[in-house]
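Before any questions on binding or motion, here is one chain by itself as structure tokens, the form predicted on its own.
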Amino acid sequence: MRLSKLTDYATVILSVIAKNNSCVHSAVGMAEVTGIAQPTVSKVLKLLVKAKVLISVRGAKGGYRLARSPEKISVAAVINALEGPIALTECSASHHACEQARGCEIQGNWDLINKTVHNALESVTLADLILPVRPPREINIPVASLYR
């Protein structure tokens, strides 16, 4: 599974908005802060409004704000807004799209894998994305275990 640049940009834009959720953010301001081209920022913002991840505020002091708190916006919702439904295989998206669906004996297993990935992405929120990065823990592996 590889996400598009637009989805990557969406997470960057949403993280900036989430860090200052009390303000309304303009497309121009988001472009300046993130370094993402303003037309691209506008496109991403419109897609996120359409998916009800953001709301747009009209007027001279208008812009965009989160539709819900960062704790209630999952990474799965962001991916879904930009990429469409999360589907690792054709049969995960539609059982009719695959020519082999009728005789496939592993289709149910792909459904299980797809649901597991979806649930994992659903469990990570925008609030999680804006937490400070923790330094990696040092892991000690006994040298003897390397020779087994």
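Keep in mind it's a predicted model, so treat the numbers as computed, not measured. The numbering used is simple: start at 1 and walk along the sequence shown.
One more form of this protein should be noted, the form predicted in complex with the DNA, which is absent from this view; the next part is about it.
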{"property": "4.5 angstroms heavy atom contact with the DNA in the predicted complex for Ile79", "result": "no"}
{"property": "The DNA contact in the predicted complex: Ser56, any heavy atom under 4.5 Å", "result": "yes"}
{"property": "Partner proximity in the predicted complex: Val49 to the DNA, non-hydrogen atom cutoff 4.5 Å", "result": "yes"}
{"property": "Non-hydrogen atom contact Lys115 with the DNA in the predicted complex at 4.5 angstroms", "result": "no"}
{"property": "Residues of stretch 11 to 50 in contact with the DNA in the predicted complex (4.5 Å, non-hydrogen atom)", "result": "His25, Ser26, Ala27, Ala37, Pro39, Thr40, Lys43, Lys46, Val49"}
